[in-house]
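We begin with a single chain expressed as structure tokens, specifically the form predicted on its own.
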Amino acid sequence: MRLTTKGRYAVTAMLDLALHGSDRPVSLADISGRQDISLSYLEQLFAKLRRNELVKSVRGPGGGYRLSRARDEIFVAEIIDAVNESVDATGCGGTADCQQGEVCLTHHLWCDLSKQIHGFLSGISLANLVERREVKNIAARQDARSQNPAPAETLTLAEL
């Protein structure tokens, strides 16, 4: 199965937004810091998410992004689709040229699996993920780390 970092990062960023954006817009810099995703990459992803009306941007001081709908109305499959990803279990990328330009024996099996996975992800909302205990625990750890970053090492003049 192929799900590239683009799809994984988009879901991760949207989940971070769902966790932190209930009372205020969330900046991409904050998401970047918590999730260790490049800010420029997040900008590209959020441009696609905004075009697909999954997020809204808020300008000005204290600006950032908000979910465009309630957490229980945004599903993982939508996020993956919005960033032009697919959940594909075929070896040919769905092109049906698996075996010397023709369909292989198991092509339809892998297509069916891909549809099942997409259907599964279509049934999981951001709200479902936010309610998971392990997600809450990880988010709490990330929040604590981002509020108390490890001190940078400093060298004294004598050590130089």
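Since the structure is predicted, the reported quantities are computational estimates derived from the model, not experimental observations. Each form is matched to the other, and the largest set of C-alpha atoms that superpose within 1.5 Å is called the rigid core. Numbers for residues come from their place in the sequence shown, where the first is 1.
What follows is about the form predicted together with another copy of the chain, which we do not show.
- With the partner removed from view, the residue among 69, 56, 51, 132 that has a non-hydrogen atom within 4.5 Å of another copy of the chain in the predicted bound form turns out to be 132.
- Put simply, residue 117 is close to another copy of the chain in the predicted bound form: some heavy atom of it is within 4.5 Å.
- Although the partner is absent from this view, residue 141 contacts another copy of the chain in the predicted bound form, with a non-hydrogen atom inside 4.5 angstroms.
- Although the partner is absent here, residue 82 is not a contact residue: none of its heavy atoms lies within 4.5 angstroms of another copy of the chain in the predicted bound form.
- Proximity of residue 103 to another copy of the chain in the predicted bound form falls within the 4.5 Å heavy atom cutoff.
- Contacts between 33-50 and another copy of the chain, taken as any heavy atom within 4.5 Å in the predicted bound form, involve 34, 35, 36.
- With the core held fixed, residue 111 shows a CA shift of 2 Å or greater between this form and the one not shown.
- A change of 3 Å or more separates the two forms for residue 94 and residue 41: their C-alpha atoms lie farther apart in the predicted bound form.
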